[in-house]
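Shown here is one chain on its own, the form predicted alone, set out as structure tokens.
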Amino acid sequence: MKVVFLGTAASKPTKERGLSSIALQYKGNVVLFDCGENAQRQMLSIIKPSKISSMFLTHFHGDHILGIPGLLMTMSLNERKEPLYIYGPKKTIYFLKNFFKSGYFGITFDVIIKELKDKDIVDFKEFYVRSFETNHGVPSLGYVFKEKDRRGSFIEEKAKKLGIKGRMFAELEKNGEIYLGGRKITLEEVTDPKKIGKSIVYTGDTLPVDIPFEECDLLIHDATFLNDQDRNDTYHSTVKEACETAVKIKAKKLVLTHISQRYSIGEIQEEAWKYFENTIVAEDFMVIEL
């Protein structure tokens, strides 16, 4: 599993930073979170657009969605046939349908658009994505990516001593139990402890909110401002607030994103280390492996 930061700037691009977009590579597929302007160029040599199976949008400010038309046109020019699923908050269907009416995009594949609410779950074979409501002044969502837990490896020596062999392994895995000589043997008896799936939380742009998840492996949090005075009345978080959220949900690692050009990276990093040691400031093209 890899998390690739394609764009990390706040509101407008800089020479070093593109606009918000994060790609999550998981077993050959790519899930895209937000798609700011120039996202597809940022993908070159890193992400294959053909591998993007779904897109989750946090909200409809331009710096998070203006890369969508160009990306879909590139997919069409590459003769994509597989459907693309796009998920987002309230008004996602309205905005995207108008988007696609605004020019001759020539999209060659189905685009399936679905709106999500707080605590909705989109279930995939080996993982799920859960939405949670955020506070950004417009309809907005954050997302939890959770890899499903997997059973532990079979303890073959123990299983064989109990008389399990051949097709019995498949039956035990399918049903969770098997009867031998009148005795019930459960899957847990002959496997190592289950493997807990990795979890990633992405807030998008937001004031601090309660995140319905604990002990995540990676928290990616809005950290647009160093202090509350700079924030004024905007709906963004400070570095300290992002760190406090990381402590609250027991995150193992915190990545600060939506970086304002008004501050140096050193200032942001120094401020973060006051409150949460395992914090890094996002940079474009940064890759985190889990």
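Note that the coordinates shown come from a computational prediction; the quantities given were computed from them, not determined experimentally. Throughout, we count residues from 1 along the sequence that is shown.
Keep in mind that the form predicted together with a further copy of the same chain is not shown, yet the notes after this line are about it.
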Query raised in the report: Looking at the partner-bound form in the model of the complex, is residue 270 within 4.5 Å of a further copy of the same chain by any heavy atom?
Result: no
| request: State yes or no: in the model of the complex, is some non-hydrogen atom of residue 41 no more than 4.5 angstroms from a non-hydrogen atom of a further copy of the same chain? | output: yes
Task: Touches a further copy of the same chain in the model of the complex: residue 63 (any heavy atom, 4.5 Å) - done: yes
Is there a non-hydrogen atom of residue 160 within 4.5 angstroms of a non-hydrogen atom of a further copy of the same chain in the model of the complex? no
Note: a further copy of the same chain not shown here; in the model of the complex, the stretch from 189 to 197, 209 to 217, 91 to 99, 113 to 121 having heavy atoms within 4.5 Å of it is 91 to 99
With the partner omitted here, the residue among 180, 155, 77, 170 that in the model of the complex has a heavy atom within 4.5 Å of a further copy of the same chain is 77
Applying a 4.5 angstroms cut-off on non-hydrogen atoms, the residues of 8 to 28 near a further copy of the same chain in the model of the complex are 11, 12, 13, 14, 15, 16, 17, 18, 19
